[in-house]
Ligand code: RIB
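Consider the single chain below, provided in structure tokens and representing the form predicted on its own.
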């Protein structure tokens, strides 16, 4: 645990049931494609990031809202199995647990359609009731699958407690400067970064331009995905470039959530920025090697083993 706080990381975010089908290609509008694999599992960016951080060694709590249905209980049971503190997950008897319909092609491309359900009912009061988990964490991680008011309240409580806050800008949207000024870390893929900053990200240089804009608005660390080339991490004058790690990927679902959970875990543990970024990059790559977001979330030992093997090869060169 860090600085005597009860949790390393508290996640405020979405909780869904994922229904995933894999097929040879993604269907075009008006067409059908016959798939070969189906998975039903807990998902949502909040759930994925909380479970990933726990598997990577952090003590984690999740603040979220699920329905009163059996799927909501399955989400909670899965998190308990991963060691996540679920006391601040609220059950809503009047709404369904969120649903994500995910289609994945054999080459790893995906498309997702979401019914938010109870996610959109997470309120300021829910966040205030969960204040012990927010003020008692070293780092609070949020995304945008829940109402912005709830995220803003989490940011306010985090700032008052002197803790750190990270935001995954997904789904993409513009954000008030009030929130950006409170962020110690902000991360977006190419589309999310463009929506937030207005910079069209296509390569390392444009990723840097987007990251610089995020930092100019108050974020301490900015992470921007530069398409398939890799990820750029910027903190002041310190720039870390993380080329894409090429493993035999079958499904990119959950890779971004794994990256965020991994870099958050490493930064809470006080790792240097470069090694924290490489840890996150390796973890995200491993997440793509298994079909299913939940199934692909890697364990700490596997990430460290692969990271050490890359370090050894670099030493040989």
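Everything numeric here is computed off the predicted structure, so don't read it as measured data. Residue numbers count along the first chain shown, from 1.
Although not depicted, the form predicted in complex with alpha-D-ribofuranose is the subject of the following passage.
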- Message: Taking alpha-D-ribofuranose as it sits in the predicted complex, is residue 45 near enough to touch it, meaning that at least one heavy atom pair lies within 4.5 angstroms?
- Response: yes
- Message: Using a 4.5 angstroms cut-off on non-hydrogen atoms, would residue 102 count as touching alpha-D-ribofuranose in the predicted complex?
- Response: yes
- Message: I'd like to check something about residue 215: if you look in the predicted complex, is any of its heavy atoms closer than or equal to 4.5 Å to a heavy atom of alpha-D-ribofuranose?
- Response: no
- Task: Examine residue 253 and determine whether its closest non-hydrogen atom to alpha-D-ribofuranose in the predicted complex is within 4.5 angstroms.
- Result: yes
- Task: Name the stretch, out of 36-44, 63-71, 271-279, 23-31, where some heavy atom lies within 4.5 Å of alpha-D-ribofuranose in the predicted complex.
- Result: 36-44
- Item | Interface residue in the predicted complex among 245, 112, 96, 115, criterion: non-hydrogen atom within 4.5 angstroms of alpha-D-ribofuranose | 112
- Check each residue of 281-300 against alpha-D-ribofuranose in the predicted complex and list those with a heavy atom within 4.5 Å, in sequence order. 293
